[in-house]
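In the form predicted on its own, a lone chain appears below as structure tokens.
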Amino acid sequence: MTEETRRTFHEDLDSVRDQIIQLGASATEAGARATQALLDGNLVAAQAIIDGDDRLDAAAVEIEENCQLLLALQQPMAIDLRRILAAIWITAELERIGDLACNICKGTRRVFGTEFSPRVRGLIAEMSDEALRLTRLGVDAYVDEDEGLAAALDDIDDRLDTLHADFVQVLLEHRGEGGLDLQPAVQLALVARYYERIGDHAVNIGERVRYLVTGWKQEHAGAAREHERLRRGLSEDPA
């Protein structure tokens, strides 16, 4: 690349980063609003979030198309190539978080009219806060190219897993007391799973950031083990 071409390329990369920051903000806002709609039993607000998901999809498509243009026109190498690939992958994770916010809103419709105990309400709020905190940390790690924070997300996610397990236990206890009908209990269990999945997507963002910074992916460890088995002649045909 010429100096001018390189400068333009990095300006375009900065623009992609800014778009991802905005997409992350939109996805986390959708998640927070979805939780509030659920707790308030507000079907109008829930539907507005579902309808607004088209804007998140459009933003994700635009980012991906911009990245594809950079790949086609600039043919980047090394870390610049990893920045573009990571941007595409992270965009997909954030778009999926937006989809999960919509799923929470659909769950709101299915449990409409159900009274939540203070414990259920509290755990829903805690799961939401933790899932969206993980998402923001993932975006922060991406913006700062912070490998340490990216690697820590998997451990930070343990709290959300614990909250999810606590929530399921509370649902079972409420069923035993006759406090919740089966259908609302099932729907709330699904909603809890959506929060857990948001956390998983945030952890995936962390893995993509680690790839961006170091070139390492989690799959490399498994691939290395398989290569070693093949080298030793220990690989077995699948059953």
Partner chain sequence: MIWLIAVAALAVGAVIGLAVHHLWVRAAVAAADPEASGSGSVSQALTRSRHLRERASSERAAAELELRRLRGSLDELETGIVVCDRAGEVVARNRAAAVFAAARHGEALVSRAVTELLERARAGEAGARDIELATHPRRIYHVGAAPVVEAGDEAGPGEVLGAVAFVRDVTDQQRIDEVRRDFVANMSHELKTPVGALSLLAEALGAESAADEALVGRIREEAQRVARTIDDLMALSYVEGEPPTDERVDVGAVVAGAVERISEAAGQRRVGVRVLAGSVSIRGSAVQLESAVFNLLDNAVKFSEPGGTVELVVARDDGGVAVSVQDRGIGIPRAEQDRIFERFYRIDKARSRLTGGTGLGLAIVRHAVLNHGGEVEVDSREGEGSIFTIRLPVPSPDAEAMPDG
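Values in this document were obtained by computation on a predicted structure and should not be read as measured data. Positions refer to the first chain, counted from 1.
The protein also exists as the form predicted together with the partner chain; that form is not presented, and the subsequent description refers to it.
So in the predicted complex, are Arg109, Ala192 and Asp200 all sitting within 4.5 Å of the partner chain, heavy atoms only?
Spot residues vs the partner chain: no contact at all.
Report the residue, out of Leu85, Ile156, Ala92, Val143, that has at least one non-hydrogen atom within 4.5 angstroms of the partner chain in the predicted complex.
Among Leu85, Ile156, Ala92, Val143, a heavy atom within 4.5 Å of the partner chain in the predicted complex occurs only for Val143.
Exactly one residue in Ala32, Ala185, Val213, Ala45 has a non-hydrogen atom within 4.5 Å of the partner chain in the predicted complex; which is it?
Spelling it out, the residue with a heavy atom inside the cut-off is Ala32.
Does any part of Asp80 reach within 4.5 Å of the partner chain in the predicted complex? Heavy atoms only, please.
Result no; Asp80 lies far from the partner chain in the predicted complex.
Against the partner chain in the predicted complex, would Ala25 count as a contact residue? Criterion: heavy atoms within 4.5 Å.
Because a heavy atom of Ala25 falls inside 4.5 Å of the partner chain in the predicted complex, the answer is yes.
Even though the partner chain is not shown here, does Arg136 get within 4.5 Å of it in the predicted complex, heavy atoms only?
Taking the distances in the predicted complex, the answer for Arg136 is yes, it comes within 4.5 Å of the partner chain.
According to a 4.5 angstroms non-hydrogen atom cut-off, is Asp129 in contact with the partner chain in the predicted complex?
The answer is yes: Asp129 has a heavy atom within 4.5 Å of the partner chain.
If contact means a heavy atom within 4.5 Å, which one of 162 to 170, 143 to 151, 70 to 78, 100 to 108 is the stretch that engages the partner chain in the predicted complex?
Every other range fails; the passing one is 143 to 151.
Would you mind checking 38 to 57 for residues with a heavy atom within 4.5 Å of the partner chain in the predicted complex?
Only a single residue, Arg55, comes within 4.5 Å of the partner.
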